[in-house]
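One chain comes next, on its own, written as structure tokens: the form predicted alone.
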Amino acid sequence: MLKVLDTTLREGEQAPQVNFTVDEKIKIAKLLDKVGVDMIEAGDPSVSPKVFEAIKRISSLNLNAEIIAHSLATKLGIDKAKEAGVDRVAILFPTSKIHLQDKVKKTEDEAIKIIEEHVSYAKGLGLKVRFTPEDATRTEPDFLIKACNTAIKAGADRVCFADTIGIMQPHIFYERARELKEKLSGCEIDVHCHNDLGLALANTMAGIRAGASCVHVTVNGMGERAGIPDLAETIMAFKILENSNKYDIKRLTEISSYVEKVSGFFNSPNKTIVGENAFSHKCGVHTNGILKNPNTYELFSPEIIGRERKIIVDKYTGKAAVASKLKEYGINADDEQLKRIVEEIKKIGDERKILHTADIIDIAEQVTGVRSNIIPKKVNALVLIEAKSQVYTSSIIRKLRNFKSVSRLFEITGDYDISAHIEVNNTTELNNLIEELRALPGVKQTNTKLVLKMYENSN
């Protein structure tokens, strides 16, 4: 059965300018556990004291996922992994000629001795061991098999077939992974594919088809250089194409958004599954089909992962999309009016790049002659007011009632005591009013939120 190892906390943090705090790592680990990933690679404890602390705390959470520490082939690193309390240590040592000769300056015989020594040492500490031959896809096949069998004999029960610089094509990766599976005994195979040519997920799926059992991913595909397969893309690809229903897909959007926020590593709009445009439809032919039957242009419903589809209205739009958009705002237009609205939309769309909702509603109002109250014509805002201690909220309310621009007042719970709905002609008036509110006796602070859309209760 397919297993997913997430290495956001190790490989993902190796992406440029990404640096998680300990608390952020703990939350990411908990979210990954809710998704249901089988293994969490929590980092290399030798990197820094904070990385060690995070691994140790994650190991103590009693998560369902197996917790793994990454380590170079050093006894100090392996000891750190043991001290951190992880379930497994992943021992990395290069096997390709370029890495052996130019990076670590070791012969193949020396490499074999190092692999045997350190896997045996980790096994002797009571740790489960995965051996990762770095740059495996550029390693001479016979030596790769020899190195892996050495690790297995020394106690490793998993071997990682790593496409370290992303040079594989799926059909070649399949053949190499199948050969490895046939010539390694008593061992499961992981695949760790880099995305330097955009083939990481395709190679990963080929590896699983060849007999590997575990895929390595990160949230949002982060990692060295171009990263590795994305958690959401991988899980959804196996679900849709291979009928794998093992993981909680409704959690995928949540964890993607959280990691975006704390990493500063933002997804492109057209990124699959979690990207802003993943379920957006613009062309008239497409929107017409989607509105009649979503399966015409969607592989799966966005609702199953907590997303919503968007119908984009601009110069490419047809009547069906415009009617659907207007219906969202309670605006009805007959067929002739829709035709005129579409014509006006196309004119504006030719003149500038972006057509806003307010533009569409303005056009609809002009054509139908019916005014909508959804988009405020003036500046509307909600001002949250915190009262000073020992001050009665009602005394501030009485003063606020004297402001003509204040239309509604609410006493509320939470960090603030009062919510005031105000309407003014422009931002200058808004700024002046807020200054007056802050000067009222008993007001400690305010927090202003501009209103973008308003909806009236139709009941």
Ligand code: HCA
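Please read these numbers as outputs of a predicted model, since none were measured by experiment. Residue numbers here begin at 1 and follow the sequence given.
The following text describes the form predicted in complex with the named molecule, which does not appear among the structures shown.
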Inset, instruction - With the named molecule left out here, work out from 187-195, 382-390, 309-317, 137-145 which stretch has heavy atoms within 4.5 Å of it in the model of the complex. - result: 187-195
Legend entry - Exercise: L291 in contact with the named molecule in the model of the complex, heavy atom 4.5 Å: no
Inset, instruction - Look up in the model of the complex whether E11 has a non-hydrogen atom within 4.5 angstroms of the named molecule, and give yes or no. - result: yes
Legend entry - Any non-hydrogen atom of T164 within 4.5 angstroms of the named molecule in the model of the complex: yes
Inset, instruction - Check whether R158 has any heavy atom within 4.5 Å of a heavy atom of the named molecule in the model of the complex, and answer yes or no. - result: no
Legend entry - Listed residue (C214, L92, A226, I152) with a non-hydrogen atom within 4.5 angstroms of the named molecule in the model of the complex: L92
Inset, instruction - For the heavy atom contacts within 4.5 Å of the named molecule in the model of the complex, list the residues of 41-71 involved, in sequence order. - result: H70
